[in-house]
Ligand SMILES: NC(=O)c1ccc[n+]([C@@H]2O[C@H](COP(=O)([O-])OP(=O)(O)OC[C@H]3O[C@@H](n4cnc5c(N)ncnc54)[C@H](O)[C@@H]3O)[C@@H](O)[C@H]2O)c1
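Single chain ahead, by itself, as structure tokens, in the form predicted alone.
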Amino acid sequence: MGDKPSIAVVGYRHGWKFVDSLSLKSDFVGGKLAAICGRSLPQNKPANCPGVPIYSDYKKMMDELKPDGIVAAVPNDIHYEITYEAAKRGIAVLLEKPIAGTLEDAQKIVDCVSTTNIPFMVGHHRRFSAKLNMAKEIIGSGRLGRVVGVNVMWMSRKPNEYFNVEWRVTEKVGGPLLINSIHDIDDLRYTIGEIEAVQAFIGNMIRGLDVEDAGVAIIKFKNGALGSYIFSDGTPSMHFYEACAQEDPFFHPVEEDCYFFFGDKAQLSFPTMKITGYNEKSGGSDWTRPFSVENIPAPRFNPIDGETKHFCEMIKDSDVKSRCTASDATITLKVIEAIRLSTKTGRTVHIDEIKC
């Protein structure tokens, strides 16, 4: 396929970031915006795509335009439905995370894309972050030594009007575990390795809604590393990925860290990319010795652009493999479900217990 693949974006909120990539950065991402689809057009429709058709029915849009691919940034409970409708028409899918709201739907998506063999990727877009990939490289290189533990914080305060959207406050559809924490869990799998078990507690004392607004989890990795994770969407804090990484201009930027990787040789603070340890000038390597600090330069890059580019490359070339397959994304969802089960039962839950 010599021409740029035509991509339709379904969903007006997070989907607008893909609209920008496909319209403002079309030459870089290698795709063209075919249509925008959503239930109601937002007030801030950008001027850069005035001629792009607008649809409210994604099935009608797919039948009339027959795009090469769709970006589906829709509520979690219709992820299977839209994947199925696209797959039966032979249309590639970039499906926003999580893969689904339930493991049952996740397995149906796995089966659907396996049977139809369409180009398919789940939008865990941080896998395209230059900073996160540098952290993964540093950890994999052994510079930190053997990873002993990791501390992760996602602590932020969302605006009150955010919760006026029904699906965001509906159990097994919304809530910070499925909307936000699933990113951090995927980051940990991506950088450190597979998770073996979790022990967790979640609560809703801030807003009293059906969905959680805070939680904490202790994580055991298969390679022996241990992790602690705390999250909340109702606490004023600078310690959350989006603000710290400064990859998305929507969030107010801060010069802080939200991930701390600890090895038996050194520590990596992320995303400032500061490695703390000892060197030959320290005169030793114990707590009586002065630390050495190295700041690793890392470029800032909008990972949505990289993700969109990769999706377009998958459509054009069957040899380009998905960076986050349906099966891979289902494992991340299993960890979230293990956290839920742990908080209900009060016990440690092994990921292998969680079945689709």
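Start at 1 and count along the sequence shown; that's the residue number. Note that the structure is predicted; figures quoted are calculated from it, not measured.
Keep in mind the form predicted together with the ligand is missing from the figure; the text below concerns it.
Which of 285 to 293, 312 to 320, 24 to 32, 54 to 62 lines the interface with the ligand in the predicted complex (heavy atom within 4.5 Å): Only one stretch qualifies here: 54 to 62.
Joint contact, 13, 165 and 183 to the ligand in the predicted complex, by non-hydrogen atom at 4.5 Å: Yes.
From the list 138, 225, 202, 73, which entry has a heavy atom within 4.5 Å of the ligand in the predicted complex? Of the listed residues, the single hit is 73.
Contact residue in the predicted complex, chosen from 187, 96, 213, 105 - any heavy atom within 4.5 Å of the ligand: Selected option: 96.
Hey, in the predicted complex, is residue 66 touching the ligand, heavy atoms inside 4.5 Å? No.
Residue 39 within 4.5 Å of the ligand in the predicted complex, heavy atoms: So residue 39 counts as contacting the ligand.
Determine whether any heavy atom of residue 78 comes within 4.5 Å of a heavy atom of the ligand in the predicted complex, and answer yes or no. Because a heavy atom of residue 78 falls inside 4.5 Å of the ligand in the predicted complex, the answer is yes.
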